[in-house]
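There is one chain below, alone, in structure tokens, taken in the form predicted on its own.
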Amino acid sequence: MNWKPDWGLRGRMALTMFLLFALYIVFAGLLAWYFDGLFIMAGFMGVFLFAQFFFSDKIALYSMGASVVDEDDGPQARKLHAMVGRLSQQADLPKPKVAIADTRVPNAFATGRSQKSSAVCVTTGLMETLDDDELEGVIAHELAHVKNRDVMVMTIASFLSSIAFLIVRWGWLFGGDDNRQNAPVIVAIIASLVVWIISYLLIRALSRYREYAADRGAAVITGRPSALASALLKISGRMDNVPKRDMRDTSEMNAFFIIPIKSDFIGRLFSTHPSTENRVERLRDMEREMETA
């Protein structure tokens, strides 16, 4: 199905990525200026990035206690495989692995370093909450993340931010006279702190834009934006009834979920996801456009 691009959304994503890239160029220049052992540091960065990127799927599934399932692993697995297979064909994607996490938290996420190595994970709480149309909308949203290569994009986007955070936390270990300019290590720590704060805000803005893009992709795949809108409202409402202990057990995966676990005002201000209300409103606008197209 063809769908006219949202140029405003694409423009905001491009601007955010440009600002992030420019910030990282400055930060890399700072590291090159400060440290004599740039070659060693570049090697360290490479290993860190490779491990984070290559094992991202295994780390995410392990964090959720999720298991990859075959079609023969019961009715829930069979149903999910059928949905994922059909929607993957509609999205022109290779069928990803299917995983189930046994938790009452109603949520889902996609992971994997490439389209061929991706996995879509759904919780048992989500399958008990949604009807089949709504569940298809959620799975299509996760497939849109796979198609947009969001795991790769966000891993690359957050790489130097992670390095900046490590320097803020452990920069004192690089003190002494080992730096080229013989500058106090506090200079590198303060500069890294500034880079980390700015990149933190930019990465969250980028994440919110990519959630909108995945919602839009799901609407294109299924042709039913209203089904995803209904799913988002149900998931958001159900969160209030989930025990806090279950919430804490899955909070590390907040950025990957289709809807993050609810937080306070400050948490919402810096959330990786747009508000549910805004997402639902956009999906309903798409439904109306689709009906009149």
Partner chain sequence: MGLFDSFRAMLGISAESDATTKADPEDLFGMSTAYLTMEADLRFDSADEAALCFSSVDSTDFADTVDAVEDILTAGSEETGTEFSRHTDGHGYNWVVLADDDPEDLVTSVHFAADEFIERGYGSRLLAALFGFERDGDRAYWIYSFRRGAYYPFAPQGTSTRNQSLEFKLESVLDGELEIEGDESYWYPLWPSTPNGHPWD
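Not measured: the values here are computed from a predicted model. Positions refer to the first chain, counted from 1.
Omitted from view is the form predicted in complex with its partner chain, to which the following refers.
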property	result
Listed residue that, although its partner chain is not shown, lies within 4.5 Å of it in the predicted bound form (heavy atoms), from Ala205, Val168, Val194, Ala91	Ala91
In the predicted bound form, the residue from Ser199, Thr123, Thr222, Ser118 that sits within 4.5 Å of its partner chain by heavy atoms	Thr222
Contact label in the predicted bound form: Ala82 to its partner chain, heavy atom within 4.5 Å	yes
Contact label in the predicted bound form: Ala22 to its partner chain, heavy atom within 4.5 Å	no
In the predicted bound form, Met13 touching its partner chain (heavy atom, 4.5 Å)	yes
In the predicted bound form, Ala157 touching its partner chain (heavy atom, 4.5 Å)	no
Segment that reaches its partner chain in the predicted bound form - one of 98-106, 83-91, 185-193, 159-167, heavy atoms within 4.5 Å	83-91
All of Lys58, Glu128 and Lys234 within 4.5 Å of its partner chain in the predicted bound form, heavy atom check	no
Residues within stretch 196-215 having a non-hydrogen atom within 4.5 Å of its partner chain in the predicted bound form	Arg210, Ala213
